[in-house]
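One chain is shown next in structure tokens, namely the form predicted alone.
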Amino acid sequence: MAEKTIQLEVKRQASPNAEAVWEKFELEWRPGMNVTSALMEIAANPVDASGKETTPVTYDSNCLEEICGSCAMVINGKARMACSALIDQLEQPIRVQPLTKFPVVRDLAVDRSVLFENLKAVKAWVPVDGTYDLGSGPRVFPQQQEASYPLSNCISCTICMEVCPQFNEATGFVGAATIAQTKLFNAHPTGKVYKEDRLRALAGDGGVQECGFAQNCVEACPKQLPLTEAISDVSRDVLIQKAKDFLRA
């Protein structure tokens, strides 16, 4: 081993139903390394700290620049992106484990499909199906663009859901990311055609009323989205929509 090494401990699980075990690795240090590059080193030479051959660690990764959101995991007890977790800024041994609130697929890879099901439930898209010519896009003033842009930076990493005390099986809470995207698309000139549907979807069980305003989400968000502001605004809109529906009944 080189004079300067990296001590890495990875929580591994061979399958969704297998027992989880911790495996230790010792890697040669190189400048500028992050947790993702350390996992790549293990993949290139899958040998544990004792010199025993093992298998490469399974994990999700794509862009390597905190854009795709796929490499979210728990590093030294904190949910964060592996690509921006620099080795030199972490206390060793570095303990890496999968997100705790999502089903484990294998090792560090988890099933985060619940987020995408929640986004489908609130129709988090602009309705453009291509069946007819929409003509020129609607005008959006710069002030509205500036207000909406931060929310469009969501990378679907699910860290906001991981750190939220209300996101669990008991509440079925949709989480901050889904609520923020509801605000984003409700503010869009074309997207707001589904505004009432989105608000009604968030008025039921697991909706915005489940939020306890712990504000963990806004503290942990790697893209610094204004999540608590979005939750507050959508909460107001949901109450107004419920009042309108009551009066129409």
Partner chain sequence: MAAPKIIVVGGGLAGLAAVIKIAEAGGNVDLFSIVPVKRSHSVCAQGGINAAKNLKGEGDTTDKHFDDTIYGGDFLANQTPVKAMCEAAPGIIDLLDRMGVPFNRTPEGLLDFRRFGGTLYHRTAFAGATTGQQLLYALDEQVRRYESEGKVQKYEGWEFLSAVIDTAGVARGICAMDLRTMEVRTFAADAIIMATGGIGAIFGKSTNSVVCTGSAQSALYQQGVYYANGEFIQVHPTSIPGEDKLRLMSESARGEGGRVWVPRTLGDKRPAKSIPEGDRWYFLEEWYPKYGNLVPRDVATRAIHKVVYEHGLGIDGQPMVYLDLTHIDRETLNRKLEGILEIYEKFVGDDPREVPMKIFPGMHYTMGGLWVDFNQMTNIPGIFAAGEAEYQYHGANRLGANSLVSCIYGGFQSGPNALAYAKSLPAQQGDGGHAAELTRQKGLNQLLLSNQGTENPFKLWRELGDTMSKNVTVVRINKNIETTEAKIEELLERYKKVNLSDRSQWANTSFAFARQLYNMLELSKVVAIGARLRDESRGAHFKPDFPERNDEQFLKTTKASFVNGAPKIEYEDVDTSLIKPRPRKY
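Positions refer to the first chain, counted from 1. As the structure is a computational prediction, the values presented were derived from the model and not from experiment.
Beyond the structure shown, there is the form predicted in complex with its partner chain, which is absent from this document and is the topic of what follows.
With a 4.5 Å heavy atom cut-off, would you call Glu91 a contact of its partner chain in the model of the complex? No, Glu91 is distant from the partner.
Gly51, heavy atom within 4.5 angstroms of its partner chain in the model of the complex: Taking the distances in the model of the complex, the answer for Gly51 is no, it never comes within 4.5 Å of its partner chain.
Determine whether any heavy atom of Val218 comes within 4.5 Å of a heavy atom of its partner chain in the model of the complex, and answer yes or no. Contact with its partner chain, no.
Taking heavy atoms only, is Lys195 within 4.5 angstroms of its partner chain in the model of the complex? Residue-level check for Lys195: no, no contact with its partner chain.
For the stretch 38-58, return the residues whose heavy atoms include at least one within 4.5 Å of its partner chain in the model of the complex, in the order they occur. Stretch hits, in order: Met40, Glu41, Ala43, Ala44, Asn45, Pro46, Thr54, Thr55, Pro56, Val57, Thr58.
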